[in-house]
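One chain is shown next in structure tokens, namely the form predicted on its own.
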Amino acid sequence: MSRTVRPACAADAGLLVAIDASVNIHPWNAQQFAAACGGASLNKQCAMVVEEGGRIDGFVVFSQVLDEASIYSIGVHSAQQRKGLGHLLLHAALLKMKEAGATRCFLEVRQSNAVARRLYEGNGFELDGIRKSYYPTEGGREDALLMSRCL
């Protein structure tokens, strides 16, 4: 079977909540995912999913305003990690942004998230700055790395 990336629909929101809750320290809630599922127009959040054989294995959530886009979250089910799904989702989102007229993509990533940092750096994202104490952690706060790349 082959993997496909497609826009998320309203029926996918519950699965995305479950995936995010299993891999994220501070996951999004159902309302946040519901707002992104089915959102394919400019100026609002859009979610895409990767699936294989009808099973959703991951998601990417992003938005675009005029020529600037932002990636909010990428999540891959823990049983499917290290199989290139994050890379596949990232590329699908970047292509969608570029097709919609975006010229630059921005994101924030936890300083401690080495896997995500390698994914982004390996796909042309560069460090723009640091947002001190941005992310909550179990023991306090953690810096966010601000990154971007041209599309």
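Note that the coordinates shown come from a computational prediction; the quantities given were computed from them, not determined experimentally. One-based numbering along the sequence shown.
What follows is about the form predicted together with a small molecule, which we do not show.
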field: Answer option from A34, L119, A100, I56, heavy atom within 4.5 Å of the small molecule in the predicted bound form
entry: L119
query: 26-34, 62-70, 104-112, 91-99: which one contacts the small molecule in the predicted bound form at 4.5 Å, heavy atom to heavy atom?
result: 104-112
task: Answer for G124 alone: is it within 4.5 Å of the small molecule in the predicted bound form, judged on heavy atom distances?
output: no
- request: Answer yes if any heavy atom of H87 is within 4.5 Å of a heavy atom of the small molecule in the predicted bound form; otherwise answer no.
  value: yes
message: If we define contact as a non-hydrogen atom of the residue within 4.5 angstroms of the partner, is K83 a contact of the small molecule in the predicted bound form?
response: yes
